[in-house]
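Single chain ahead, by itself, as C-alpha cells, in the form predicted on its own.
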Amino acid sequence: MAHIDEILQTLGDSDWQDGQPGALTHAVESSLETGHVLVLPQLRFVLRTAEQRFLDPRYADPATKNISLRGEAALMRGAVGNAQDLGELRAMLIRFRDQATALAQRLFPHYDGHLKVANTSFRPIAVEGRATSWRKDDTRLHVDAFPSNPTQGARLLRIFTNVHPGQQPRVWRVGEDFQDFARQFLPRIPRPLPGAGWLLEALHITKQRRTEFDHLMLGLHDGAKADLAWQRSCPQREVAFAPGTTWVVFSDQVLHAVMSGQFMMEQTFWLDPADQQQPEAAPLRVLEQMTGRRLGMM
C-alpha cells in the first residue's frame, strides 16, 4: 500500500487521447489500486474561448455545489442560464467526459470494457467559506460513501482537473493507508439492523440496496468526519494541484479532504473489484478480511 510520503505518482503526459505525442503513460493499474494519487501536472483541459464565461459561480444553482451530467442521456442538473448558455455548458461537460474516458482507457487497459461511466461535474463554487453540515464538510478527511447511492462494493475511480484561469491551486489533504484507517474506526460501527437495506430501498431512500459494506463505509465516512482529534493528529499531508493539473484516484480508498480552490472538473467511473488486477486491495475485500464475513446483500 502507498505510504503517505510516497502517495503521489507524477506522470508527464500532456495529451488525453492515446496515439498523441504527449500520451506517454499506459497500464498503471497497480499504482492506482495500491492507493496512489496519479498526478499529471501538464494535462490541461482547455476551455474554448466562448466557454471562458462559465468560470463564474452565477451559472450554478445556489442550492447545489456543482453542475453535473447524469445518466446515459447526459441530463444536466444544477445549472442556470438561458438556452444557449445551458447548451454550451452541457457540451463542455460532455467533451470533458469524453476526454476523461479516453484517459482512463489508456492508463488502465486492464479495465477495458469494465468501467461504468458515472457522473460528470463542474464545480464553479469556491470551497472556502461554504456553509455545510459536518457530514457534508469535505474539508474533513474522509473516504467517499453516499447515503442515497450505495455502491455495493464497486470502486469509485475519479479524474479531476483544475481549470482555474489564474494561479489558484486546488488544495487537498491526503491521509493514511485505508487499512490502517479502517482498523481504528471499524470497531466503533454497530452491525446494521436486519432488513434495513431492503427497507431503505423499498421506501426509495436509497437508489439500490444498501449492503453491509455500504453500511460500514458510511460508518467510516461519518466516524472520520466526526472525530476532530483524529482529524488533527492522524498521518496526513497537504497537496496543491496547480491550474492545468489533472489527478486520478480511487476516492473510496484514499483519505482526502478539499481545503481550498475553485473551478474544477471531475469525472467518476464505477468498477467492480473483481475486474481489478489486485481485487484484494479493494475496500470491499479489505473489510471482509477484517470482519471475517461476507459483506454483500443484506
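Start at 1 and count along the sequence shown; that's the residue number. All values reported here derive from a predicted model rather than from experimental measurement.
Omitted here: the form predicted in complex with ligand SIN. The next part is about that form.
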With the partner left out of view, is Arg170 within 4.5 angstroms of ligand SIN in the predicted bound form by any non-hydrogen atom? yes
Wondering, does Phe108 line up within 4.5 Å of ligand SIN in the predicted bound form on heavy atoms? no
Proximity of Arg158 to ligand SIN in the predicted bound form, heavy atoms at 4.5 Å: yes
If we define contact as a non-hydrogen atom of the residue within 4.5 angstroms of the partner, is Asp222 a contact of ligand SIN in the predicted bound form? no
Contact residue in the predicted bound form, from Glu212, Asp227, Asp177, Asp144 (heavy atom within 4.5 Å of ligand SIN): Asp144
Taking ligand SIN in the predicted bound form as the reference, which of Met264, Leu271, Cys234, Leu38 has a non-hydrogen atom within 4.5 Å? Met264
Just one of 55-63, 42-50, 252-260, 23-31 has residues with a heavy atom within 4.5 Å of ligand SIN in the predicted bound form, so point it out. 252-260
If you apply a 4.5 angstroms heavy atom cut-off, which residues in 98-123 are near ligand SIN in the predicted bound form? Arg123
